[in-house]
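Take a look at this single chain, the form predicted on its own, given in structure tokens.
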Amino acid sequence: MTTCVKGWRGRGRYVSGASLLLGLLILNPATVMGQERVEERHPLRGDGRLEVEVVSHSVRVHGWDREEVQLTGTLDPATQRLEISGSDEELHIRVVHERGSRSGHAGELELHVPSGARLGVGTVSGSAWLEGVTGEVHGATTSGSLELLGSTPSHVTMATVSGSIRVEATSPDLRLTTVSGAISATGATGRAELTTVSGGVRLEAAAPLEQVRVNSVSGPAEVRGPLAERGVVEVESHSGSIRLGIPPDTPADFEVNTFSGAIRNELTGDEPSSPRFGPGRSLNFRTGDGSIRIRLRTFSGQVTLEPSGGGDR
């Protein structure tokens, strides 16, 4: 059942989280009787690329200090074959199913990989869990969840449709997207871009944030932590609430607008105002030299500004 093609040199470019998700949706499935345990080892350089594509399997990835990939676990009974191809520079692991196959028992795969490898993990209904990695991380799923814990990745891109995303890792660059799943990110240090339609969003910084962009339609959005000098924070929501918690001495230029929701300012004594004619409320004020730009906008949700700890900027 296991097919290993040696000498394959990989693709010309790395698959992004969004591209990987689209590719997974057109996989051809399969039916094979029985369930099989898999155990494989393949060399991979410490800065090599590893792509993992599965359908219903759950995937657990651990970073380690060896220049090899160790794969263990069980295959979904509907699996036609396991394909492993590539070289020590780029390795591709793919579980193939035949069209129309169904299985009531999802498989589980566990991988130990070089901690600095560039990772791409994609599933359809399976969940992915990663820890101890320092290279780029790209994850995509339709209905499974994505988790990245205890890591210091250089860049993180994750996308789901209905699954949730949880990141508890120190990273200077986060890009997380869901349709209806919740997003929780703790440990951002530089740039963070979080987007959802109906899921809630929570972002907590581990160090001063330089650029934050959060977009939500109906889910609540919360951003907490220190902001870098001349940083930019933009949070927009249609009917979800917005909560911003920052150190009280943050020097920023604030522009807060809502059409029908309330504005609560617990940072300063500045009060929101309403137009003479028509609906809406706005709050515009400056603290310190106003070097940080903060823009918060919602249609019907409440906006809250509150003090929180955050260390030195």
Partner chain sequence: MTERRGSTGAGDPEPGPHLHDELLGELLDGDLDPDARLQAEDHLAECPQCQRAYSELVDLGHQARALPQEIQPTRDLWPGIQAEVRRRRPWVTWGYGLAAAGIAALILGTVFFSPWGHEMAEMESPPEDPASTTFVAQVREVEEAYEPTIQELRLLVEDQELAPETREVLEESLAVIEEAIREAAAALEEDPGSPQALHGLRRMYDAKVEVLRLVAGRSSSI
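Residue numbers count along the first chain shown, from 1. Keep in mind the model is a prediction, meaning the values are calculated, not measured.
Keep in mind the form predicted together with its partner chain is missing from the figure; the text below concerns it.
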Next item on the list: Kindly confirm or deny that Gln70, Ser184 and Ala207 each have some heavy atom within 4.5 angstroms of its partner chain in the predicted bound form.
Entry: no
Next item on the list: Work out which of the listed stretches, 83 to 91, 106 to 114, 70 to 78, 119 to 127, brings a heavy atom within 4.5 angstroms of its partner chain in the predicted bound form.
Entry: 119 to 127
Check: Considering its partner chain in the predicted bound form, which of Thr177, Ser241, Ser164, Ser171 comes within 4.5 Å of it through any heavy atom?
Finding: Thr177
Notebook entry, point to check: Might Leu149 be said to contact its partner chain in the predicted bound form, defining contact as any heavy atom within 4.5 Å?
Noted result: no
Next item on the list: Give a yes/no on whether Val59 approaches its partner chain to within 4.5 Å in the predicted bound form, heavy atoms considered.
Entry: no
Note to self: With a cut-off of 4.5 Å between heavy atoms, is Ala159 one of the residues that contacts its partner chain in the predicted bound form?
What the structure shows: yes
Margin query: Whether Thr250 contacts its partner chain in the predicted bound form should be assessed with a 4.5 Å heavy atom distance threshold; does it?
Written below: no
Check: What are the residues of 131 to 148, in order along the chain, with a heavy atom within 4.5 Å of its partner chain in the predicted bound form?
Finding: Ala140, Thr141, Thr142
